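A single chain, nothing else alongside it, follows as structure tokens in the form predicted alone.
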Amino acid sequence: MVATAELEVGREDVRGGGLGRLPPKRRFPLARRFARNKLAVAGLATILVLYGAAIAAPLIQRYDENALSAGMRDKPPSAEHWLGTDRNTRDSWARLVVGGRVSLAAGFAAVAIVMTIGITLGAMAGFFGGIVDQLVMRTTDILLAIPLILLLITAASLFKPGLGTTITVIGVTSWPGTARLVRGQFLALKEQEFVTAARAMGATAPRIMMRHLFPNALAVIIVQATIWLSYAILLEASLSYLGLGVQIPTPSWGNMLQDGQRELQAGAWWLTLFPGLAIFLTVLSFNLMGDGLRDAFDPRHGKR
């Protein structure tokens, strides 16, 4: 009877908020830490707006991006043409929206290639070591010794310029930094006790890499991918500006800058301002979001 009474008292304490009440379980700690960084949240919101506009481009562009309007050359922003028109009488708002779709998609696809190559080679180098590590690291040393923009220009000039070429060139030439980062993570993690235990239980190398090492390195990889998205978009814009990327009449923010620069002396400032501002906001937003993710995954950074 005494034990039953004590049990009932304990239950009442839990229900009524007494000493026996269990602390509430905190849910989504990563999201909570990320939300504390207001700049990172603003960056995420901006990115969502940009990608939303790119997806909804056919609905919001108002005019066809390549449609010509007689007598509308180099017209400033107005109620009819929100961001003005270019020297070929095309609507700048339509080209900016469609160009955003091209630039954002190119950045995303290029980063997918960078991450695939970099993670694969970095994981193999860090886990296996020896000749594999030496081969991968010497290759990265050679590529890192060449300025990236020079390497991109050389590679892009060897092939027919276009969106596919731009994505491939950025992806294939930009993986060394990711490979080094993943290699360092795997070198540190493979010496941990849980990896030793997995080996003792007979786990194969691919299983250890995929089930034990990769999940523990995932936070660093996500942050790296986020920051590299901004680099890839900037690199695509640079190649397109130089005429080695996306080719006119297909719009991208980079070739819009190139095309608009010719009209600056005529006073058509809007042709370079708006695509330049779009590139700036996108790169800044991805960097802010990357900083926020870094702090969220490692709370020690948020306590500076």
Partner chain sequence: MTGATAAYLLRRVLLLVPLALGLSILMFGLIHAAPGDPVLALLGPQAAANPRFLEQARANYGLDDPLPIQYLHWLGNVVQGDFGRSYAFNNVPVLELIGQRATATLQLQGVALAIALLIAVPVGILSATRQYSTTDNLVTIGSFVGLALPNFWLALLLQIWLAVELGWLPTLSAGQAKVPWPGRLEYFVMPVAVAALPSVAYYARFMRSAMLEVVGQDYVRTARAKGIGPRGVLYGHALRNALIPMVTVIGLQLPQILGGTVIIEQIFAWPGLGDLAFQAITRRDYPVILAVTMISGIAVMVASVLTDLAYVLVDPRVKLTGHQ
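Numbering follows the first chain given and starts at 1. In this text the structure is predicted, and so the values were computed from the model without any measurement.
Note that the form predicted in complex with the partner chain isn't included here; everything after this is about it.
S.K.: Is residue 216 part of the interface with the partner chain in the predicted complex - any heavy atom within 4.5 Å?
M.R.: Result no; residue 216 lies far from the partner chain in the predicted complex.
S.K.: Taking the partner chain as it sits in the predicted complex, is residue 72 in contact with it (heavy atom to heavy atom, 4.5 Å or less)?
M.R.: Residue 72: no, not in contact with the partner chain in the predicted complex.
S.K.: According to a 4.5 angstroms non-hydrogen atom cut-off, is residue 246 in contact with the partner chain in the predicted complex?
M.R.: Answer no; every heavy atom of residue 246 is more than 4.5 Å from the partner chain in the predicted complex.
S.K.: Should residue 167 be counted as a contact of the partner chain in the predicted complex, where contact means heavy atoms within 4.5 Å?
M.R.: Taking the distances in the predicted complex, the answer for residue 167 is no, it never comes within 4.5 Å of the partner chain.
S.K.: Exactly one stretch in 100 to 108, 217 to 225, 150 to 158, 204 to 212 has heavy atoms within 4.5 Å of the partner chain in the predicted complex; which is it?
M.R.: So the stretch in question is 150 to 158.
S.K.: Just one of 42, 53, 35, 242 has a heavy atom within 4.5 Å of the partner chain in the predicted complex. Which one?
M.R.: By the 4.5 Å criterion, the partner-contacting residue is 242.
S.K.: Using a 4.5 Å cut-off on any heavy atom, which residues of 118 to 148 would contact the partner chain in the predicted complex?
M.R.: In sequence order, 138, 141, 142, 143, 144, 145, 146, 147 come within 4.5 Å of the partner.
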